[in-house]
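Here you get one chain, nothing else, as structure tokens; it is the form predicted alone.
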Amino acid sequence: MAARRVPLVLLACGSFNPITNQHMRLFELARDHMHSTGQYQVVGGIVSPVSDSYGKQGLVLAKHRVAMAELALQSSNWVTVDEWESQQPDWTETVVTMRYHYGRILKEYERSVGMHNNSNPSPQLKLLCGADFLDTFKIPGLWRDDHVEELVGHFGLVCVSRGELQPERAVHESDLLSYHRHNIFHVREWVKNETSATEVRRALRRGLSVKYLLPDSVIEYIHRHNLYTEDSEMRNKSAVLRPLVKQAQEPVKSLDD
């Protein structure tokens, strides 16, 4: 008898400033890949926009980023937007966001199972990211080692290749990532799409078309609320990213140390 597949939820954290077609494409690529392993059944996807306190230059208000993500995902029957992270008064570490969602997923699972004996595997949650995400682990002061350990060891990553980036090299060059390489899934995107939210914002500031890079509903929302102007790009210009400030409050080692 074939083993039952593990129910899997994919979580994507980020600015989504704004959400693009490529962001949504990551979910489809990751689902296909995880199904192809024969071990997992993807049962849901979550988009979790970062809070306003992140401090990134040009970051528009969370209420707009959440609204745009909701519009973009109206066509999806399995990926949803969650506001919890975006509503936090301070920037939330990725691991903390993972813990929150995993706790909620487990509660729903236990409620559905009830008191019945159940031999089905418990659901899992993995972080969905682009290959460039792995390189952030090398930035001194950005990540706590225990958070990286929990993220890749307990939860796991599904990394989709972007352009010429090679996530395998980032894993090879880190002892910690290499140790947990069995829990880091590499997804190759053969139909290359280099859509960048940064370039989208630049085009919008210059009055250029972004049609087919974003859903029409998102483009209409941006124009209706006059988002991504020269003024909005100056937001947080002199600010230091909140992760760097927050992590500096306690000693942190780079994974290369």
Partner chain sequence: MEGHSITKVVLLACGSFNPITNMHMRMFELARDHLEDTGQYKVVRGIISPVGDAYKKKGLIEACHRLEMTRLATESSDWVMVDSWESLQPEWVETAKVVRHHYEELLEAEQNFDDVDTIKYAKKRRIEENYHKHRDGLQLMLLCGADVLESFGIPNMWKQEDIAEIVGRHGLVCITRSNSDPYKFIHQSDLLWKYRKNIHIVREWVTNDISATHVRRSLRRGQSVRYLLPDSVIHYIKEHDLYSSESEQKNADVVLAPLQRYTGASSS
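Just so you know, these numbers come straight off a predicted model, no measurement behind them. Positions refer to the first chain, counted from 1.
If you look for the form predicted together with its partner chain, you will not find it shown, but the lines that follow are about it.
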| query | Exactly one stretch in 49-57, 224-232, 62-70, 190-198 has heavy atoms within 4.5 Å of its partner chain in the predicted complex; which is it? | reply | 190-198
| message | Please determine whether Ser209 contacts its partner chain in the predicted complex, using a 4.5 Å cut-off between heavy atoms. | response | yes
| message | in the predicted complex, does Ser76 come within 4.5 Å of its partner chain, counting heavy atoms only? | response | yes
| Partner contact for Asn236 in the predicted complex: its partner chain, 4.5 angstroms, heavy atom | no
| message | At 4.5 Å between heavy atoms, is Leu213 in contact with its partner chain in the predicted complex? | response | yes
| Heavy atom contacts to its partner chain in the predicted complex at 4.5 Å, residues of 34-53 in sequence order | none
